[in-house]
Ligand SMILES: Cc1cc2nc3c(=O)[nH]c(=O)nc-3n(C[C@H](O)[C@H](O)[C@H](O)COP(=O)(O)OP(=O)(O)OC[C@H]3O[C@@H](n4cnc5c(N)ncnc54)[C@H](O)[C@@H]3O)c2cc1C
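The chain that follows stands alone, in the form predicted on its own, written as structure tokens.
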């Protein structure tokens, strides 16, 4: 039986980010990943001259901690930033309409009626209110009006989060906006104050990927000195014995056994529930109750000459009221170089989610037909695509629906009964790559503080003496800001 200072079950972006932050403190960490490659759903694929992403295709960041990881992990030279001058589109009355990014442009945009624009501008006069369990739909309607919800927020929530605005928790899905109301009484006033105070990163975000795709991030984290990654190893059971965690697993080489004082479970919620069921039925039940939305990602490659649209943007999102069979379309070869062969275009579309959960079960041909029926008239596409790739995720994204905040509070409360046990996955604290890196930092900091406790105190808690390990100066930068 081996021993590890910290064991992480799950080698997706949450587990690898946590491992990286632990390694920066000089803490040895072992990572078990069931698949033969790290990264979870994040995986870049090169074929036929195209570079496509199985899931997350980019990173949207405003956190200095993420900047620090990118720099210190040696990824700065591979970073590719999006051109901020590209248009951002949404479907409006059956056509592509540019989404204005500045308030003056909003005043003349055809996206909203004059009544809708006046309602939006009146937001600064709307008194604060709402409740902790307020939905996204109710929050946005109360603050900005129904037109903003239907035209801008609905396509964002359904297209990028595969969620339902009427069910999604506003505080969980839009914490930056709800935090502005809580602090300043108004979203508009809060943004203006932040701008006056030059808190630019609180209002502006940088969008980027890497020259080898998002897999560059995964591989860089996984190869960090101090991280021992074991792929093809599935955890089958955990026990608390003599103040330490004993973990068993199975691989092609046979059974594995490890003892650790600090255990992090970074699997999807149902995987965590399976492991914790024999230990804590109530905790396992709460985890098992977290729903996931099915998502399909369809990549399509075409010759540039077969598309009439100038493709002068990043892509577009689709509001619920528009009769199209997909949720959004990204023009990936516009966003970052090297995504398609010369004189070709890579278009990535998103289908399914809560808007159409059964769509993931369609055949490839059914999906392609659905997509082209809506996409071809919008972009002026002629002929059939020369490259196709479909990635299906039947449990794609966790849903922050209904009693999500209450459920996660209960989960955190029950965790206190299990010293040295931590949960760090995208069903807690945000689904974006940015938030997974940030939450990994928080988890690693908590563990580092625990391991630096006096041995007598730590022994009472875990039953095992642990050598204190210092954190290098400046390991953590600044204070937490409201998440996206």
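Please read all numbers here as calculations on a predicted model, not as lab measurements. Numbering follows the first chain given and starts at 1.
There is another form of this protein, the form predicted together with the named molecule, and it is not shown here; the text below is about that form.
Here the marked residues 221, 286 and 421 all miss the named molecule in the predicted bound form; none has a heavy atom within 4.5 angstroms. Of the candidate stretches 53 to 61, 439 to 447, 66 to 74, 411 to 419, only 53 to 61 has residues whose heavy atoms lie within 4.5 Å of the named molecule in the predicted bound form.
Only one of the listed residues (262, 267, 163, 327) places a non-hydrogen atom within 4.5 angstroms of the named molecule in the predicted bound form, and that residue is 267.
Taking 318, 177, 340, 297 one by one, only a single residue has any non-hydrogen atom within 4.5 Å of the named molecule in the predicted bound form, and it is 297. Using a 4.5 Å cutoff between non-hydrogen atoms, residue 227 does not count as a contact of the named molecule in the predicted bound form. When contacts are judged by a 4.5 Å heavy atom cut-off, residue 13 counts as touching the named molecule in the predicted bound form.
Proximity of residue 431 to the named molecule in the predicted bound form: non-hydrogen atoms within 4.5 Å are present. Not displayed here, the named molecule is approached by residue 393 to within 4.5 Å at the level of heavy atoms in the predicted bound form. In the predicted bound form, the named molecule lies within 4.5 angstroms of at least one heavy atom of each of the following residues of 30 to 51: 32, 33, 34, 35, 39, 40, 41, 42, in sequence order.
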